[in-house]
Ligand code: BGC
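Next comes just one chain, in structure tokens: the form predicted alone.
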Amino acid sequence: MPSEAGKSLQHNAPLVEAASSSFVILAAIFAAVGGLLFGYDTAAISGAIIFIKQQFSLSTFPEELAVSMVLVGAATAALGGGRLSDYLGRRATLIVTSVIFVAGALICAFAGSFNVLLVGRVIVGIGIGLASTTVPVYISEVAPPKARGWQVSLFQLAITIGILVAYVVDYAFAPSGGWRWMLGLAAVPGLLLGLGMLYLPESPRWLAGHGHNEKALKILSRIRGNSDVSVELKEIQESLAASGQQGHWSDLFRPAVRPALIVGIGLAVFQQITGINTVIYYAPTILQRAGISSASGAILATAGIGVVNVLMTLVSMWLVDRMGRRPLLLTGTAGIAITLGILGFAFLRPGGALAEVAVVTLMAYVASFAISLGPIFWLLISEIYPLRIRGFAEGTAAAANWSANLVVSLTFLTLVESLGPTRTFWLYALFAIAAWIFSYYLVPETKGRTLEEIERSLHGKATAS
């Protein structure tokens, strides 16, 4: 017969599990504030650039630089950020990230010259790069398998909320041309991220990988409630023992890792070259070209696009652990290709109802992205890499993402001037078709599987090939 303590434990199990579930959700929410900063700092420039261009009398290339220097910092930090989180730990890296975000935001807000503004943008980019490599990994390593999809997708939801908040702030300060406030207010969530992470634990998988098994067991017990966490810890330890404790850059090119590397980098590049950040960074500019003459009107229409982005990301979070990753990815990527094609046709006949068509089509495009390449990319690269190299493998994928983002952002206005908006959007549509083909043949389904099961399946695929 069970003891009185055992009866009490069984009786209180739902309460324990509910508390642990709440704890994991709280950890995911606080970590995802890094995504909110990511979204805010990338989108705030869309409204600010209209006034920065006027204040500093910028031509096309300096305007592209003002938008894109954040990506230089992001790509650089993403490449090294994964290694940093493997060395310092996920939690410590996110605390450092919060300090960088605050510093960069304040430099941008008080910039006395265009060059100082560029420096501030690079520093902000470093914070974004670190957040993009560390937050999804941290959440994936504390979340239970059945809920990992939507919890990691909190990062993408936070990005979309950050983008929407940036658009609203831009609209609020547009009448006064207050671009310094637009960029400087990022310091507030930066502080929130740092304060939140001070009270959250380190990833148990990182602790196990660095020999802190007792701490890992304690934290696993805390975040799994009444589950038998010794089984999960043993699986983590066996995974580490099978692959070796320390990973190296050369491990990225081993046959066992190569399928994951190809998927991660491929999705990283396709997420950007299908044009999403031309919308995030330049939506007011695009809409002004489509016929919305005032800066405030263009920014307000862009805020509507931001609302769609948030709502459809919520839909994706609801579906990702029900439908799976692949169906959402394939459906959304097809929608991206179709809407880009329509947007190209809309610009064939400027004037008339073009502004309305452009707004509706951009909303449909963002909706398609928000259920597919937006969240699924960040989710998959937090799932598919072996534990020993997870940090810098995801950093490699994130660096590829930011590098592609930089190329697209630096070339968008130039492409529009040389090819025209129609051919530019059709070029992105071709890339979307290629992304669909890539996803259909190469992207695995990871729904409901532990990180160790995913690693074993990809290893088996590599061995079979």
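So that there is no doubt, residue numbering starts at 1 and follows the sequence shown. If you're wondering where the values come from, they're calculated on a predicted model, not measured in any experiment.
Same protein, other form: the form predicted in complex with the named molecule, not shown, and the subject of what follows.
In the model of the complex, at least one heavy atom of residue 378 sits within 4.5 Å of the named molecule. The closest non-hydrogen atom of residue 272 lies within 4.5 Å of the named molecule in the model of the complex. Contact annotation: residue 163 falls within 4.5 Å of the named molecule in the model of the complex, judged by heavy atom distances. Mapping the unseen interface onto this chain, residue 38 counts among the residues with a heavy atom inside 4.5 Å of the named molecule in the model of the complex. Within 4.5 Å of the named molecule in the model of the complex, a heavy atom is found for not a single one of 85, 140 and 142. The single contact residue among 369, 385, 179, 392, judged by any heavy atom lying within 4.5 Å of the named molecule in the model of the complex, is 369. Proximity to the named molecule in the model of the complex, taken as a non-hydrogen atom within 4.5 angstroms, holds for one residue of 309, 333, 153, 203, which is 309. Contact with the named molecule in the model of the complex, judged as any non-hydrogen atom within 4.5 angstroms, is confined among 264-272, 100-108, 183-191, 122-130 to 264-272.
Annotation for 51-82: no interface residues with the named molecule in the model of the complex [heavy atom within 4.5 Å].
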